[in-house]
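Single chain ahead, by itself, as structure tokens, in the form predicted on its own.
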């Protein structure tokens, strides 16, 4: 994997988690700006998914197994969008908490992806 891309996804996910956590602490639901932030993080995760699939197609193999790597790639691409959809259903401060939790999950998945690839 590309270390800089993994780092970028992880850092932006943590920034989104902090931002939505701050909104939660101020008793605010997710706003349009939060969804723009979710879109940025989701695009980075999708780019990482594409890069990972291309690297696998090119013959590169992760150190801990292809199936688990693909599963983590798919999970990382779906974490923030799933949290965003759940926050639409919960239009209270808990929607912001849901997105913050999803972003923290994405950051943890990024660390695990780095380990699986052999980092």
Partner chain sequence: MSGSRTDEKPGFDLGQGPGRLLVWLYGVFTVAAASRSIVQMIMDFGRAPLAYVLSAVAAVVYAFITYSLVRGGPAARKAALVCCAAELAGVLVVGTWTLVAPSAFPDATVWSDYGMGYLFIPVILPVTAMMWLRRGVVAEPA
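Numbering follows the first chain given and starts at 1. In this text, all values refer to a predicted model and were calculated from it rather than measured experimentally.
Missing here is the form predicted in complex with the partner chain; even so, the following discussion is about that form.
- In the model of the complex, the partner chain stays beyond 4.5 Å of every heavy atom belonging to residue 46.
- The closest non-hydrogen atom of residue 12 lies beyond 4.5 Å of the partner chain in the model of the complex.
- Proximity of residue 17 to the partner chain in the model of the complex falls outside the 4.5 Å heavy atom cutoff.
- A residue is said to contact a partner when one of its heavy atoms sits within 4.5 Å of a partner heavy atom; residue 35 fails this definition for the partner chain in the model of the complex, lying far away.
- Note on the partner interface in the model of the complex: the residue among 82, 39, 56, 50 having a heavy atom within 4.5 angstroms of the partner chain is 82.
- For the stretch 98 to 118, the set of residues having any non-hydrogen atom within 4.5 angstroms of the partner chain in the model of the complex comprises 98, 101, 102, 105, 108, in sequence order.
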